[in-house]
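Listed next as structure tokens is one chain, alone, in the form predicted on its own.
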Amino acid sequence: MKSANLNKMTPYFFIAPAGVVLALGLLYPIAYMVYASFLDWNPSQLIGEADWVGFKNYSNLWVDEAFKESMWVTLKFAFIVVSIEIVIGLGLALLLDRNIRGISALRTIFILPMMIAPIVVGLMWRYMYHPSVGIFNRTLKDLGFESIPWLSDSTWSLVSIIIADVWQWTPFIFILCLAALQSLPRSTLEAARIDGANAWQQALYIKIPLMMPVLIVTLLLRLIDAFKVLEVILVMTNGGPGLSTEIMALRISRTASEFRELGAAAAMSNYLLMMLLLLTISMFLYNKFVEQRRQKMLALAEGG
């Protein structure tokens, strides 16, 4: 009997070290951040010396126009860039899902942007957007058009960072979508071809529905990353002009380092964490629903 109980406990003994590392490396910092958000804390104090203010930091943020603006900019930026990247990445994957000479070289070329450090990406695009010597305005002038205030106008500055993000991260969507397409059951696609489905019909009614679980996970990963982007925007615009490109990550950094309000910065971080948790839970629930539909579709196809 004791031997049987010991056998049941054996897996837990093996995962215990990983559990301890997870608790120390993940749960403790989150708990520390949550605790700090209830304090009026600045860098000149030890955390134990800070005054307890309860939910004051959280309530103050809802009357802070700068925080609300940064939240709106974050939502707008994240959903625009991810929507564009999904459309372009999926379109490229559908286009290149065939036997093409040199496809391996093409894949390597496509993923190069996402391999570049974010600071370098920000500097590179900042120089290309330069009002006088940047390649974009020089090209516009050569063609007889007026130059564009890429980084000095509130509207164009947001467009500029969106273009840079799409350039860097569309390859991520493309690679995952292409891998999902190439893993689809060939029997289902062959059955669709025999039934007379053309390329568009196969893509809309067979390929995309079957690869939806992968698309949802890919979408979730990119949304989470887009909500947290910092370096490229910091280098390109530093949140300006005004607050037009100041996302929540940049507002949190400024609140902690420039304004020296660590408690308020922790509260902002928790708001961002809660937004991402709600988004993640919603996407996983939808993914479960889609996966059930996918299994039914495959069963019907195989049965037919």
Partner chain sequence: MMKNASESRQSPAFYALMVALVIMSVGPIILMLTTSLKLNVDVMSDTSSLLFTPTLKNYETVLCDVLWYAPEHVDYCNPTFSRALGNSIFIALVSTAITLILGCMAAYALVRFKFMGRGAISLTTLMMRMVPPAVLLVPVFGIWTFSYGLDGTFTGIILVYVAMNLPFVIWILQSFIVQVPIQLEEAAKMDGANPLQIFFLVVLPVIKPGLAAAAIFTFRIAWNEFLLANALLDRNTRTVPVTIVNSLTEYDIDWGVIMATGMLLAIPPIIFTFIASKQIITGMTAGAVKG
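Note that the structure is predicted; figures quoted are calculated from it, not measured. Residue numbers count along the first chain shown, from 1.
One more form of this protein, predicted together with the partner chain, exists but is not displayed; see below.
- Contact with the partner chain in the predicted complex, judged by any heavy atom within 4.5 Å, is made by just one of 75, 208, 197, 224: 224.
- Here is the short version: of 243, 252, 50, 61, the single residue with a heavy atom within 4.5 Å of the partner chain in the predicted complex is 252.
- Heavy atoms within 4.5 Å of the partner chain in the predicted complex belong, among the stretches 77-85, 187-195, 152-160, 136-144, to residues of 136-144.
- Under a 4.5 angstroms non-hydrogen atom cutoff, the partner chain in the predicted complex lacks residue 66 among its neighbouring residues.
- None of the heavy atoms of residue 259 is located within 4.5 Å of the partner chain in the predicted complex.
- Though the partner is left out of this view, residue 292 does not reach within 4.5 Å of the partner chain in the predicted complex, counting heavy atoms only.
- Taking non-hydrogen atoms only, residue 54 never approaches the partner chain to within 4.5 angstroms in the predicted complex.
- Contacts between stretch 22-40 and the partner chain, counted in the predicted complex as any heavy atom lying within 4.5 Å, involve 22, 24, 25, 26, 27, 28, 29, 30, 32, 33, listed in sequence order.
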